[in-house]
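This document contains two forms of one protein chain, each encoded as structure tokens and listed individually as structure 1 and structure 2.
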Structure 1
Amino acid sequence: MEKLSPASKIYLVLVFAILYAPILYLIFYSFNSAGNMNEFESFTLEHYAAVFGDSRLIIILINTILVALLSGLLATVIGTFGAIGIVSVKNAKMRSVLLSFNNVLIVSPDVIIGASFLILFTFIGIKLGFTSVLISHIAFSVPIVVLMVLPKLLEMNTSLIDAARDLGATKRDVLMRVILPYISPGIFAGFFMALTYSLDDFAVTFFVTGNGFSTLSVEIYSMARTGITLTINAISGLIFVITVLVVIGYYFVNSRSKQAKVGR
């Protein structure tokens, strides 16, 4: 890889500083015993203790993680088979149309998607709560998974499939032993992207969450409306750490997959 020039390094440092400075500033004051963000008095963990001592917040945190994991898994399964289905379409024009429909959902504003789901759930009689949030998160995550898996499918040499069939592999064998292992980096990338999108989403969830069920993003918004407390800083810090761990997990899985391919 070509070495970066000093100007490029300075530019990158500035970009990352702008991106991470607000988050680090917020986390820094989550340890402030003064209870405000005006002056750092002394180090304390009382705001994190307040988070873990609040059973309602713990339930909301569990709900958020549960929705993220379930929607990520289901969206990964649906999106993977959706991508395989799109690639298997022989008609190039039809394939382009299907991809366009997929991309429309990605670029659509969250407010529009959330309002649409709210109208749909109200119309068909689905009570707003866990189910409505889960369905909506799966829906906006599937197109992301499709985009993550599609490049791996397109770069796959079809002679691998032909060779497997010539050796007597059934359709199931081809899928399970040839296609899925080859596109596994794309599948993992799609899962982690769906997971982070679900954890991060506020706009869509705000429309479909209903009474008695909430996620962290909606709860933080509600808490912020009544005044900023350092409990919000502590929750945000925890979410940031979880996100970093998810990213590290993704790179760990991805690097293991690459090493396995090199070792073959």
Structure 2
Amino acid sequence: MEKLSPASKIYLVLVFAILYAPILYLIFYSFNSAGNMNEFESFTLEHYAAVFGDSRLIIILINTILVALLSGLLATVIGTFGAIGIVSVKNAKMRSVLLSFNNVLIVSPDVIIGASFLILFTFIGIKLGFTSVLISHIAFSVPIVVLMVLPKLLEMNTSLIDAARDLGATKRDVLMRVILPYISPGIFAGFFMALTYSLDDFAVTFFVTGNGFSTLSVEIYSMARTGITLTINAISGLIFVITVLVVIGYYFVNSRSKQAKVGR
């Protein structure tokens, strides 16, 4: 392997610095007692206290997590069965039609998804609020789950299923004891992705949320529009720490399962 030249090292360091600078900048000023992002006065935790003391914010946080968990779970169920269904379609044309439909929501800009769902909910008569947000999040998470589960199903050897059936397994047994355990890494990955998509989404939620319901992204947007409040900085500090923990956890689980596979 060739060694990196000093110039390329500097370039990489620079890009990394720029990528992290805004995040570190936010966190740094979250401890600022001056209440702005211009001058650092002295260290304080009051903005963190403000986050935990604001019951409205706590409710929004709970809403956000609730929507993410519920939509992740439901999307995982629909998507997993969808993927199993797609694999069972033998007609190649039909299959590619289904897959194209699947990709529509993945490539569509959020604004279009949001606007069209807004029309849809109004058209059907679903009140905007928790329900409409939850349904939208399920809707845009399903194709992601399908894409995560599908490769696992395709790499599965069908003789496993034949063997199970020869040994007298019912259809239910085959599904529960052969197919689902085999594709479970894909299912977990799909659930995890759906969770992150839901937690991260702003644009779609912004369109389909009513007056009384808000998620963290929507709340941050309206706070940011009115100017700088260090409460947002404190929130971003918390989110950053949680994200890093999740990433580390994910990294360990991943490498351990890889090791387990090699070990076998």
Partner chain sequence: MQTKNSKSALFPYVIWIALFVIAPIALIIYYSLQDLEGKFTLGNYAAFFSTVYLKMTLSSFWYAFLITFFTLLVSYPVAYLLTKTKHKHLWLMLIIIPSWINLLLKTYAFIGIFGLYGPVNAMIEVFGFDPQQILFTDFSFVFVSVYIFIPFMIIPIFNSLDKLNPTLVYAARDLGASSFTTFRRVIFPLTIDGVKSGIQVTFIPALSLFMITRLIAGNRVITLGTAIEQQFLVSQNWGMGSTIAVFLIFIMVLIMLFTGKKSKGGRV
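All residue numbers here follow the sequence of structure 1, with the first residue given the number 1. Just so it is clear, the model here is predicted, and its values are computed rather than measured. Each form is matched to the other, and the largest set of C-alpha atoms that superpose within 1.5 Å is called the rigid core.
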Identify which of the two structures, 1 or 2, is the form predicted together with its partner chain.
2
Taking the rigid core as the reference frame, tell me whether residue 61 has a CA displacement of 2 angstroms or more between structure 1 and structure 2.
no
Does residue 239 show a Cα shift reaching 2 Å between structure 1 and structure 2 after rigid-core superposition?
yes
For residue 249, what C-alpha shift in Å is seen between structure 1 and structure 2 once the core is overlaid?
4.1
